[in-house]
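Below you'll find only one chain, the form predicted on its own, shown as C-alpha cells.
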Amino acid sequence: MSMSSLDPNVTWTSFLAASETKISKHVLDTWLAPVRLVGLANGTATLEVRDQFFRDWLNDHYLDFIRAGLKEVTGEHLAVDWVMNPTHPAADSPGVDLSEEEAQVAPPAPVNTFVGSLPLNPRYDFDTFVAGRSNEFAFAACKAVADKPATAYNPLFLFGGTGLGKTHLLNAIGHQIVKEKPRTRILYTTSEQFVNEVINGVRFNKLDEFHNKYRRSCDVLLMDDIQLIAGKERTQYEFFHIFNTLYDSQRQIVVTSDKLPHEIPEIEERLRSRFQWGLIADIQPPEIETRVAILRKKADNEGIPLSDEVAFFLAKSIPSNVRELEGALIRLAAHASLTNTVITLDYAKQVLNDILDARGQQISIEAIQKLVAGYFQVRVADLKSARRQKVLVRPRQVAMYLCRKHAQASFPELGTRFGDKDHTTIMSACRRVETQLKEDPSLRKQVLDLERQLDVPAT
C-alpha cells in the first residue's frame, strides 16, 4: 500500500490499538492518545501536539516507540515531524496556579491524584547500548549499580550533554534490576514529572500520597534531568527529604544531569553535596569508531542496509549528538524505502543536504565569544579588554583558542577581534591552552563542554 493511500486518522487509530499490549494504559491515555497524526507524506509522519513540552517529552521518551509502531502499521520506515497547536483538544486540561519559579517547568496538570512511575523504554537496555572509550566508565558504573543496587555507588550521578545516552543508561539500569530482582519497586521519573507532582500535592492536599510513593513505596529511584529542579525551593525541599530517606534505608538513587553538581545554579548546597556522596560518571561525545558502531547497531535493529562508506560519512558529518546521528539514519532510510533506492554515499549526501549544509556553515567568532562569555559568566567586552584579573584570563584564552580552532581565523584577525591585541598575544594564549589541556582536567572539561555546545568534534 502506498503512503499516499493511507488515511492518517485510521493509521494513528491502528497504532494506538497495537500499542495497548505494549505500554501501560496510563501512558497510552496521557501521552499517545491526545496526539493527532495530521500528515503522511515524503517518508514523514507529522504529529500534532498541544505545546513544546508535550513535543519534547514524546521526542525524548517515546520517539523510537512511535517510529517502530508506525512501521508495523504502514510497513515503512518513517521520520517523525511535529507541529504544535495551542487549540489542540489536549490543551483543555485544567491548569495549576504555579509559583513564578515552578511554572516554567511544570506542564498543565489534570486535577487528579499522582500517576505512577513512568514506563521504562523497552528499547533502552544494556544490550542495545554501544559502549566505547567516551562512555565506558559510565556504562560500567551503571552495570555495577544494576547488579547490586545500593551496594556499589549510591547515589550515582550521570553527567553528559544532550543526546549522548544518559536516558538510555537510566532505563537500562531499571530493566536489568527488574530482570534479576522482579519484586524490586522501581520508580522512574523526570524532574518535570517530579515538579508537577509536588505542585499537585500542595494544591490538592495530597502530600501524604506523594510521600508514600517516593519514600515508602520505592526501592530504586531513577530521575532524569535533575538540573531542572534548580531554583524551585519547595521541589528541592521535598527531594532533599526523599533523598535522605532512601539513602539512610540503603535504597538506590540514580540521577542524570547535563551539568556537574557544582555547576547547577540555584541549587541548595545540601543537595549539591549529597550528589557528590557517591559516584559521578560522565559521558563524553563518542569518538568516530563508536559513532560508526552506534549506526551499525541501529541499522541492524531497524533492518536498514548500511555500507561502511555511508556509515563513516554520517559519523564524520554528525560528531557530537547520538540522537541526531540516529535521526539522520532514520530519515535516510525512510527516503530510500519510499523511492526504492539503494543507500549510496551520493544518495546520502543528497537526502541529508540541508542538515549537512547547516552544519557546514563556519562558526563565527562572535558566536564563540558569546558562548564563552555566557559559560564563564563574564561579558563579551571583558574578553576583548586588556584587564588581567584572574577571573578573566582563562575565559579570554579559551575563547581565543576555540576561535582559532573552529572559526579558522588568522592570528592577526583574532588580534583585531579581541580588542586590537598583538597577534603574538593570541598565539601565546592558544599555545598555553593546548599545553594545559594535557595537564589540567578542569580546563579540559570546560573546553569539552563548550565544544559540545558548539556541536563540533571534541578536543
Ligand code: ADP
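Just so it is clear, the structure is predicted and the values come from calculations on it, not from any experiment. Residue numbers run from 1 along the displayed sequence.
Omitted from view is the form predicted together with the named molecule, to which the following refers.
Partner contact region in the predicted complex: 154-162, out of 78-86, 154-162, 195-203, 367-375, criterion any non-hydrogen atom within 4.5 Å of the named molecule.
Proximity to the named molecule in the predicted complex, defined as a heavy atom within 4.5 Å, singles out one entry of H211, R251, K181, R323, which is R323. Checking I294, V351, I264, I330 against the named molecule in the predicted complex, a heavy atom within 4.5 Å turns up for just one residue: I294. Annotated contacts: F129, N135 and K166 all touch the named molecule in the predicted complex [non-hydrogen atom within 4.5 angstroms]. In the predicted complex, the named molecule sits within 4.5 Å of a heavy atom belonging to Y124.
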